[in-house]
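Read the single chain below, which is given as structure tokens and is the form predicted on its own.
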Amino acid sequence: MKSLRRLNSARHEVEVHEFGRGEPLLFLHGAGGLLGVESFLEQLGREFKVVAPHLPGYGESTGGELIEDVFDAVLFYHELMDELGIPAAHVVGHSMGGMLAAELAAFDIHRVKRLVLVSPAGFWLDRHPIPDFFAADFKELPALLFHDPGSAVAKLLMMTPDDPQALTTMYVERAKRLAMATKLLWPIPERGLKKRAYRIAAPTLLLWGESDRLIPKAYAGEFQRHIRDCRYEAIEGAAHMVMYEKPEEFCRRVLAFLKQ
């Protein structure tokens, strides 16, 4: 179910997608936003009340001009949880959303019950530089994001419409989303998480696609060094878009962790 929620501060109207019922699970999307084909959220919704908001600057969420840095984004998620009456939740974050999920857990250790970071951004290793996602040509992205750039799921997610108006709309939306993501990730995603990650008290699962070429699995060790209760798992046959490439395996791993 999709809805628009106006926050009490009146600073944002938020596009929220909800699935299922039960204990709350907050999903924080990556730089590409929600793509409208998130079967994995529906699967997680069989066990939890899944809440997946679009960050301001994405979709129909407004007030993107008020989000200038990581701190603004984290405060936005706190305010949204207050609005939705969620004092604490399991939190799953992908890529940019993984960085923000980690920051959310570090800012308030009581807000996050269990934390799943899926190929998260947030650190920088000179020996394993992250490719410049923002400078990449659209045709280069499948090789960065997918285990098999020629797979059906890669073609579906990277498909460009034939209709000129729809194509224009797609490029405008993509430009809007990337403009927000640059505030949080460009030129590198190192925004001080390394100084705050020690505060994360939630049991944490790091989940990576084995062949991730955007944020290499070498970064898992960096997260494990800074988060005290943190374990790592990899999914074969998947890359950065692991939850789209292997939704059943992804959900199996996440549910097994959250139910412990």
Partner chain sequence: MKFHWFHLMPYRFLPDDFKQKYRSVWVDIPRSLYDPKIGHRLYNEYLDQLEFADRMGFDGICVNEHHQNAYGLMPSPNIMAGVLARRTQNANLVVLGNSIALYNPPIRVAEEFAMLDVLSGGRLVAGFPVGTSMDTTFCYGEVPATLREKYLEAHDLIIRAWTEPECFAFNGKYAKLRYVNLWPRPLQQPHPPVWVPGGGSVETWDFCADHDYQYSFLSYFGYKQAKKVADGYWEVMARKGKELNPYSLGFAQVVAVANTDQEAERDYAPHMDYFYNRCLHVYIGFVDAPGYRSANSIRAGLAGQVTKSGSWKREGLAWRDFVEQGYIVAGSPRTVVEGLRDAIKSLRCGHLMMLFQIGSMPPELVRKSTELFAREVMPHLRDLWPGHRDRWSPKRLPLEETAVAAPLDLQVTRAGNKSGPRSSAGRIGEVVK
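Predicted, not measured: the structure shown is a model, and the values here were computed from it. Residue numbers count along the first chain shown, from 1.
If you look for the form predicted in complex with its partner chain, you will not find it shown, but the lines that follow are about it.
J.: Among the candidate residues L75, A143, L156, A179, which is the single one with a non-hydrogen atom no more than 4.5 Å from its partner chain in the predicted complex?
T.: Of L75, A143, L156, A179, the residue with a heavy atom within 4.5 Å of its partner chain in the predicted complex is A179.
J.: Can you tell me which of 91-99, 76-84, 171-179, 146-154 lies within 4.5 Å of its partner chain in the predicted complex, counting heavy atoms only?
T.: Among the candidates, contact is made by 171-179.
J.: Is P187 a contact residue for its partner chain in the predicted complex, using a 4.5 Å heavy atom cut-off?
T.: Taking the distances in the predicted complex, the answer for P187 is yes, it comes within 4.5 Å of its partner chain.
J.: With the cut-off set at 4.5 Å between non-hydrogen atoms, does E42 touch its partner chain in the predicted complex?
T.: No, E42 sits far enough from its partner chain in the predicted complex that none of its heavy atoms falls within 4.5 Å.
J.: My question is simply whether E68 lines the interface with its partner chain in the predicted complex - judged by any non-hydrogen atom within 4.5 Å.
T.: Residue-level check for E68: yes, a contact with its partner chain.
J.: Hey, in the predicted complex, does D126 get a heavy atom within 4.5 angstroms of its partner chain?
T.: Taking the distances in the predicted complex, the answer for D126 is no, it never comes within 4.5 Å of its partner chain.
J.: Taking its partner chain in the predicted complex, which residues along 131-152 bring a heavy atom to within 4.5 Å of it?
T.: Counting only heavy atoms within 4.5 Å of its partner chain in the predicted complex, the contacting residues of 131-152 are D132, F134, A135, A136, D137, E140.
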